[in-house]
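The chain below stands alone and is given as C-alpha cells, in the form predicted alone.
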Amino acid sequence: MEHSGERLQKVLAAVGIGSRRVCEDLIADGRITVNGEVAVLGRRVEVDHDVVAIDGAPIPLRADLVHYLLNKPRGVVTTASDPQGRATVVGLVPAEPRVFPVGRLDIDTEGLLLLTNDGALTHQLTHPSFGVEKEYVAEVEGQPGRAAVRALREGVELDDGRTAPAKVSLRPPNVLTLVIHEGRNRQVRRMCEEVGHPVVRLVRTRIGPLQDRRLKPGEWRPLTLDEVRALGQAAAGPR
C-alpha cells in the first residue's frame, strides 16, 4: 500500500529519537510501529493522523504538542476554569497552546499533575485498562496498625466497589505511602477513612515513572522526550 506524508526515519529524527541512521536501524529491527503495524524502511507517515510507537510507547510527532509537569499546590482546583473564581491548575502554566489536566487531584491534594494537549497520551494515562501507577504520601489521623495496612494492601470495600490491592508502607507514627493504579474520585482519602485513619495531608509524589522533588508547589516544567516516551511505555505495559 502506498502511503503519503514524510519518510518515517526523517520524522523520527526530527523529534529527537536519534540520527536518521539510528532511526533507520530502529525501523529495520522492527521496534517501530505505525498504527499498530510494524514499520518497514521507506514507510511514510502523516504526523497529524498516524500513531507511531517505539517498543510500544507512542511518540509525539506533532510540533504543537506540549507536556507539562506541575506541582499542584493545595487550594487550586484541577479544571480549566472555575465558576466560583478559584485558582485553577491551567492558570499556573502557559496559556498557549491550550492544555488540559490529565486526571484529577481534589482541591486539598497536592503534588504532581500532568497537563497536555496530547489526546492519545491522555487516554492512555486515564483509561482504567492501562493501569499506570500513582504514588501518594498521606499523613493520617491516629497511628495505623498492621490490620489497617493489611486492609489497604488487600483492597478496601468502598461505596463504588472494592479497590484493587495497593502497595502500602508505613512510616511511624502516621505517614502512609500508597501506590495505586486506579483513578477513582478521592480514592486514597476514602480508603484511609474506611480503615479508620482520615487523611490530614495528601501529596502525589509519582505518576508512572515520573518523579521530581525539585519542583516547588506552583512550579511546572516541560517533560523531556524521554519522559514522554517512558510514560507511554508505562501505559503500554510489559512487552
Ligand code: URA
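All values derive from a computational prediction rather than experimental measurement. All residue numbers are counted from 1 along the displayed sequence.
Below, we turn to the form predicted in complex with the ligand, even though it does not appear here.
- Stretch 186-194 is the contacting one of 186-194, 208-216, 29-37, 167-175, since its residues have non-hydrogen atoms within 4.5 Å of the ligand in the predicted bound form.
- Contact annotation: Asp106 falls within 4.5 Å of the ligand in the predicted bound form, judged by heavy atom distances.
- When contacts are judged by a 4.5 Å heavy atom cut-off, Leu202 counts as touching the ligand in the predicted bound form.
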